[in-house]
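This document opens with one chain alone, in structure tokens, the form predicted on its own.
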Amino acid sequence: MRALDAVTTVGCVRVVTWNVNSVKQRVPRLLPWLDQRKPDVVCLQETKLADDAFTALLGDALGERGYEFALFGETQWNGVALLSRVGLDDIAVGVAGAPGFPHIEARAVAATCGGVRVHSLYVPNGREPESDHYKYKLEWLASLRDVLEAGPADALVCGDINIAPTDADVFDPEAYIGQTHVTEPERAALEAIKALGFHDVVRDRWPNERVFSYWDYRAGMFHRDLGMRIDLILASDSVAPRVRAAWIDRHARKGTGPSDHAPVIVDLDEAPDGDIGPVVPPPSSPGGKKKVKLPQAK
């Protein structure tokens, strides 16, 4: 990586991470949303397109909006992208030293944008505790930690991390017993990354509120606000003090043809929509007293 003292730092930057769950399916939502929210740096996950197909689909439209982009995609599965209007330097794809399953999947792309090293990540799901995919997830996260430790001080880790940091980040901890995303080893792997000096800036802004970023399509989970917070933006010690707003755009999860994830938005240096953003989390509505079983639970 190029040292950050060789890169001009840009202020007043809006950074977004969004698992779009197929960029091809989400074009009617994505482009109007970019025009509405006007982010400077956009981290996308689950693009599900090879790089040439992504470029053919969105290259002109993104260029018209002033975005350069870096891609690491594959057909049908995974895929990450990084869009920037504040520079896109020292692009790196993948996570050095990370395992494959069995091949190296398209799960990480990083670049220096406006003087900050930005990582767009789609962490492996894990599938089932103690499965081979779960072990792959933990090994992948350990390699990511090594990359971040060796990287520049000014950094943002953005993406679908596929870990709910605490029990407060799921609608009902009991519903997730025996599931991935909430196990102690996964949370410990995330804490090891945060121990490098990274701050969970959305939770810092909303310490006690019910704030989710993902709701299963099935069983009316979104309408009952039965979700998880697994999409994160982690800011390094040097970048975190610049955060003026950090919020989740629930409106992008509403309407026709949404992703099952909502965008996470962080404003550095200035907050054009106010210090907590325009979208206040809804009042807690855990779907009544009846216990809810996860759609994927056996």
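Residues carry their position along the shown sequence, with the first being 1. From a predicted model like this one, the values you see are computed outputs, not experimental measurements.
Just so you know, the form predicted together with the DNA exists too; it's not on screen, but the next bit is about it.
Asn162 is the sole member of Asn162, Ser84, Ser120, Thr112 with a non-hydrogen atom lying within 4.5 angstroms of the DNA in the predicted bound form.
None of Arg145, Arg205, His181, His199 but one reaches within 4.5 angstroms of the DNA in the predicted bound form through a heavy atom, and that residue is His181.
Within 4.5 Å of the DNA in the predicted bound form, a heavy atom is found for none of Arg14, Thr17 and Tyr67. Among heavy atoms of Tyr214, some come within 4.5 Å of the DNA in the predicted bound form. The DNA is not shown here, but in the predicted bound form it comes within 4.5 Å of a heavy atom of Asn125.
The DNA is not shown here, and in the predicted bound form it never comes within 4.5 Å of any heavy atom of Ile193. In the predicted bound form, the DNA lies within 4.5 Å of some heavy atom of Arg218. The stretch in contact with the DNA in the predicted bound form, judged by heavy atoms within 4.5 Å, is 43 to 51, chosen from 59 to 67, 236 to 244, 27 to 35, 43 to 51. Residues are counted as partner-facing when one of their heavy atoms sits within 4.5 Å of the DNA in the predicted bound form; in 248 to 269 only His261 qualifies.
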